[in-house]
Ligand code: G1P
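First comes one chain, alone, set out as structure tokens in the form predicted on its own.
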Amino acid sequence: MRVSKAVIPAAGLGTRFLPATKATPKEMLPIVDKPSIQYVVEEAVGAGLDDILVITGRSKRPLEDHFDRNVELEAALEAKGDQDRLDLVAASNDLANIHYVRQGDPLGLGHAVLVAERHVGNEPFAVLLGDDLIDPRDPVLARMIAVREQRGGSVLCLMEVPSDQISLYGCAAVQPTDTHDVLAVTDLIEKPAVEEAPSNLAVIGRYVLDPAVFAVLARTRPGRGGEIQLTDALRELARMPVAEGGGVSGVLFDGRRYDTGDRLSYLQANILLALDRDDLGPALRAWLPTVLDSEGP
């Protein structure tokens, strides 16, 4: 069955960016001049997914407003003859069929995915975490969907990280396959101690999941941090036969990825994506050395 639906969990409080996120959802913080969540939605659309469910919580209304029409603003821009800005504003209106549901209690990523069951139904689907921004120049989701179509089961995005950082991520134990960028995932550990990690392959925030995950999540008990961990459900799926919706593969990703929940990585994303733009890149590239070579701005 073709993957056509994406789920974007966006119910987090964004505490790492306080006080900026006191009244503004972290997903609305801009990367250059677009909210970070728009990059994630555009990534899903670019991979052929046209039905998107955003899992929200309290104080997340600005997300819905952003992907809806702003009739007054559009009329004002049209009256001024400002077609360029009108096009920018309208671009987010018709990206995809976007739906919203509240998670309610923040019981973890696994619970957020389970909330999507009624919308997704018995179909494979993608999950894109808003804090993980994949550089638009290095797409990976379409490759993951292709692996799902070839191998069945669920597919994770795996990225090598320094061994001393693996405790920040879910970590995969793997075996090689006959395809150089695809691995068979045999086990998963959520945020292991360095000495207990089976590899330096971190699970980053892109998943293509078999609908069998819902039944597993429904019986998954709270784990690390008292939350229902998606990693625990995937671990069980890795031990199940593909015929029953099990089996987990990993796609190796070596492209550019930013953690927009981390302040330094967020700043790096802004700079690197701005450098790639024709309207900002040349001036920014000329200015940066003058700052770096001086004691201050």
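Note that this is a predicted model, so its numbers are computed, not measured. In this text, residue numbers run from 1 along the sequence as written.
This next part talks about the form predicted in complex with this ligand, which is not shown.
Segment that reaches this ligand in the predicted complex - one of 89 to 97, 214 to 222, 134 to 142, 165 to 173, heavy atoms within 4.5 Å: In short, 165 to 173.
Touches this ligand in the predicted complex: residue 60 (any heavy atom, 4.5 Å): No.
Contact of residue 109 with this ligand in the predicted complex (heavy atom, 4.5 Å): Close contact exists here: in the predicted complex, residue 109 approaches this ligand to within 4.5 Å, heavy atoms only.
Partner proximity in the predicted complex: residue 249 to this ligand, non-hydrogen atom cutoff 4.5 Å: Heavy-atom contact with this ligand at 4.5 Å: absent for residue 249.
Partner proximity in the predicted complex: residue 190 to this ligand, non-hydrogen atom cutoff 4.5 Å: Heavy-atom contact with this ligand at 4.5 Å: present for residue 190.
Answer option from 204, 115, 161, 182, heavy atom within 4.5 Å of this ligand in the predicted complex: For this set of options, the contacting one is 204.
Residue (of 129, 147, 120, 197) lying close to this ligand in the predicted complex, criterion heavy atoms within 4.5 Å: When this ligand is considered in the predicted complex, the option within 4.5 Å is 129.
In the predicted complex: members of 228 to 263 within 4.5 Å of this ligand, any heavy atom: The stretch touches the partner through 229, 231, 257.
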